[in-house]
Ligand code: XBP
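First comes one chain, alone, set out as structure tokens in the form predicted alone.
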């Protein structure tokens, strides 16, 4: 029986990557006097690396190998990440990052139907809280029974650790849940945890390999703006994801 819905955050609940995290990283770099600038194509490449601190380390190793690393490089990365989070939460507070189509509607329907809601993400808890508070509802954080976020597990997606941590806290089995992801790494993490997954793509992830997903959609859809289904199992299907449709997909998997 379907009991819970577990959501990734960045790219899934909201299109945070291109117009949220990327400019926030750039603002942090400028604040620290660095000449690093992540444009849209570069950031798309960097998204293959999960986790903001890991992304910065990868950028230096791959794109700036001649940049003189200070002895306290790890401390600098941590400070940059805190500054980036501060810039990002400011953008959220200003209403600059709305939820993706269908997200709020589905969350409201799921709560009314008695389904448990959870978050499983590699972004920091502060980022999650800010997004939920400013883009969902003032008490948005309280809609979720568990928020598994940030560095609470050492291995980031595509490792399943963040999902396993959430399942343990909820006391649920993998086959009692559905996950929502936007990327191949996210899908692999949920699959490795044994959780069936619905994918909503974005501009950065549209070409990823989503083999094995329960459904691959342009978004969750709204009655006035339906999704388009992209996977071979229902290619061309349109509609909007509601609890009834989720239960049907879950039962037919």
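Note that the structure is predicted; figures quoted are calculated from it, not measured. Positions refer to the first chain, counted from 1.
The discussion below concerns the form predicted together with the named molecule, not included here.
Only one listed stretch (118-126, 168-176, 138-146, 96-104) carries heavy atoms within 4.5 Å of the named molecule in the predicted bound form, and that stretch is 118-126. With a 4.5 Å cutoff on heavy atoms, residue 51 counts as touching the named molecule in the predicted bound form.
By the criterion of a heavy atom within 4.5 Å, residue 59 is excluded from the residues contacting the named molecule in the predicted bound form. In the predicted bound form, the named molecule sits beyond 4.5 Å of every heavy atom of residue 134. Though the partner is left out of this view, residue 204 does not reach within 4.5 Å of the named molecule in the predicted bound form, counting heavy atoms only. Contact annotation for 76-91: residues with any non-hydrogen atom within 4.5 angstroms of the named molecule in the predicted bound form are 81, 84, listed in sequence order.
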